[in-house]
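One chain is shown next in structure tokens, namely the form predicted alone.
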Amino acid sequence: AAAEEFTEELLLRPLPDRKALAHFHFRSSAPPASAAGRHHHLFPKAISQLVQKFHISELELSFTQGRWNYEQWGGYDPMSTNNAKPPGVELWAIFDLPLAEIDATWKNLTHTLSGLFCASINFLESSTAFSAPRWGFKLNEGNLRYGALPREAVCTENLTPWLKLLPCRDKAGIASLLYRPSVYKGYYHSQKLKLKSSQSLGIILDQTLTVVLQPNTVSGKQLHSTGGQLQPSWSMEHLFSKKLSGKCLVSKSSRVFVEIEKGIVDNVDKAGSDVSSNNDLFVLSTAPDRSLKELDNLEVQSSSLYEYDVNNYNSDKPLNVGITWKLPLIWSCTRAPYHASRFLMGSGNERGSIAMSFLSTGLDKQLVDSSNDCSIKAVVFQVVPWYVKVYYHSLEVFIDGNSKAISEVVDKIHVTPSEDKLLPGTMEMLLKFPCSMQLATLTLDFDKGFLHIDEYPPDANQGFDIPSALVSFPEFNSSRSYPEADPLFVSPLLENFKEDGVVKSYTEVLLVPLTTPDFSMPYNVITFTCTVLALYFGSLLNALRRRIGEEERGLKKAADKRGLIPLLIAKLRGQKVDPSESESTSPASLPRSKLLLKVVFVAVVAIVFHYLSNS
């Protein structure tokens, strides 16, 4: 029987906007349960129990802070397709269960993941928070559930449980580079957990962490420049404040890759230099163990990959790979055929419109035939909360400023209308745009609903979030293949790059302001009512329990007796006081004496406090 395996890999890549990308990839695999039983050596037992209890075929959970910049960081490569996620939490799962049992299993799954990763994933248990897409998100047979929490904050309390699933945690290996201040001060970071389960292959768990960092340009070394602004030089120590001193001892393989994009390779070719670790444009601080070259369909080199085997490094000889630029360089990453963005239109707290625009990036002219009959397909998947009541019949399409009929652009559509406090609205559309199009805009009208006071979040005045929409281009493939000279060389990271992945991108999260009640009014009503009731019942009880006859006799006796103050004045003047009179007077005047002492004590404390405060 196959044994459990664990691999760790790190990919480093310079970005055009003077930033650096670091992608951590960890894979844990377990054989089928019939072969291994319930005991595990490397694979996390919590994940194994999760798969067995809820009958999960496929699951993906991501925690993201920041938004992926598709214009600067790329939108047509496997990195952006597979690891660019919407802000907050995104969860989807495919169950191997009858359709009638999936919703109840989904609710139990969200509670389990919430406790496992210390997050608010349990908010996705409500039927108003998840949907069941058919083909717009991922083709399925009705056994897929999808939910998103755009406002979920991501911090170290989510990263720590994620690291505990690794055999060496962050104590050794590539995961030891995860210095918390470096990770969370970045422009973008997304931690993802993806698993696949089958009876024949067992369970495969992929844990990835994608971080976009700003290199420290002060401490980085820069060589001579002929003019212009150099890219910032960086190394692993500058990015993560430490060097890599070895691998995780139980890992089957541990590798570090440095990827050079096609734009840099083209500039190196123009300079007449060979694409090596030391050329006219840049130099790598450590010589790689092996270099791989990607070849496209025309057998032309597109990008380069330099590999470092962590087995060759230890605490005495740590790995600190970095890149130093020699000449100024400007390049760009390949983008998706259209840049999709979403925004709101209208004003007021009653109604508005959702608009989605598609701006051509010019990629269609390079990859497809731009004839008159040419068209590009785009699939849009969008989930809208129930309190945003979308009128799907109000859909309008504008191409290059001209209104078009729906039948000319929308090839296929599936809509699940929302139900008040029961279901969110889901829209899946297949669009066909002409290749010559430069800009397309879709608009939908909606009304804003009213919520019960208990349904508002603590920061209701900030607004309500509409999750990101997913736009995919089924005719464009984002796979990237690096021919391997060694047949025994198996890299899970490069295997994921080879998979046929559809180019896709997420839009912005929309912030919708809704009418909010005066949350202070219940407090005002409660305090006012309690004050009136206290005054009423206090007066009523005082009137009912008062004994008028005894009070009059007590007042008459008190008038016949000398009080405490006249006795004190008589003593100060040296006058004689009758003992019998004082004895008879003292019991009656005892409460008054206590009251007088309290008044004097309070006055003394006030004088001392006033004196000390002034001094």
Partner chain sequence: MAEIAGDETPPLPSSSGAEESSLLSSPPSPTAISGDEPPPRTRKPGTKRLVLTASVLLSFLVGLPLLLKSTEIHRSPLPSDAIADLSRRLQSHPPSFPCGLHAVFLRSGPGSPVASLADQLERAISTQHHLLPASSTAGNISVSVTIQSGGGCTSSTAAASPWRCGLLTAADSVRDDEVFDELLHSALGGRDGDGMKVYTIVIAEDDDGKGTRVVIGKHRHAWVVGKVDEAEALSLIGNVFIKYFMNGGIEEGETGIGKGEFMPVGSDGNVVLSFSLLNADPNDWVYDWEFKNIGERILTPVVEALRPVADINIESQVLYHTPKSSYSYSDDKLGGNVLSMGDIPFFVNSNEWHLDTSISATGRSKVLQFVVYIPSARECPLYLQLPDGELSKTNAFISPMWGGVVIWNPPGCSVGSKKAHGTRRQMSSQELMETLEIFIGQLRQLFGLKPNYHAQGMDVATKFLVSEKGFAQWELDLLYRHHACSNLLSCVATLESLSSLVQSLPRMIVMDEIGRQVELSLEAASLAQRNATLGIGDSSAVSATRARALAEDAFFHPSIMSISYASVEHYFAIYMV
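Residue numbers count along the first chain shown, from 1. Throughout, rigid core stands for the largest set of C-alpha atoms superposing within 1.5 Å between the two forms. Since the model is a prediction, treat every value here as computed from it, not as a measurement.
From this point on, the text means the form predicted in complex with the partner chain, which you will not see here.
Checklist entry - Exactly one of Thr112, Asn158, Ser127, Ser198 has a non-hydrogen atom within 4.5 Å of the partner chain in the model of the complex; which residue is it? => result Checking each option against the partner chain in the model of the complex, the one that comes within 4.5 Å is Thr112.
Item to check | Proximity to the partner chain in the model of the complex, single hit among His452, Lys317, His393, Lys171 (heavy atom within 4.5 Å) | outcome: Checked against the cut-off, the match is Lys171.
Next on the checklist: Looking at 235-243, 92-100, 424-432, 541-549, which stretch has residues with any non-hydrogen atom within 4.5 Å of the partner chain in the model of the complex?
Outcome noted: The contacting stretch here is 541-549.
Next on the checklist: Within 4.5 Å, heavy atoms only: does Ile330 come near the partner chain in the model of the complex?
Outcome noted: Ile330 lies outside the contact set for the partner chain.
Checklist entry - Can His55 be called a contact residue for the partner chain in the model of the complex at 4.5 Å between heavy atoms? => result His55: no, not in contact with the partner chain in the model of the complex.
Checklist entry - Is Pro167 close enough to touch the partner chain in the model of the complex, meaning at least one heavy atom pair within 4.5 Å? => result Contact with the partner chain, yes.
Next on the checklist: Please determine whether Leu249 contacts the partner chain in the model of the complex, using a 4.5 Å cut-off between heavy atoms.
Outcome noted: Leu249: contacts the partner chain in the model of the complex.
Checklist entry - So which residues in 183-214, when you check the partner chain in the model of the complex, have a heavy atom no farther than 4.5 Å from it? => result Heavy-atom contacts within 4.5 Å come from no residue here.
Next on the checklist: Lys171: after superposing the rigid core, is there a C-alpha shift of 2 Å or more between this form and the one not shown?
Outcome noted: No, its C-alpha moves less than 2 Å.
Checklist entry - 2 Å or more on the CA of Asn461 between this form and the one not shown, with the rigid core superposed, yes or no? => result No; Asn461 is a residue whose C-alpha shifts by less than 2 Å between this form and the one not shown when the cores are overlaid.
Item to check | Ala543 C-alpha relocation of at least 2 Å between this form and the one not shown, rigid core basis | outcome: Yes; Ala543 is a residue whose C-alpha shifts (by 2 Å or more) between this form and the one not shown when the cores are overlaid.
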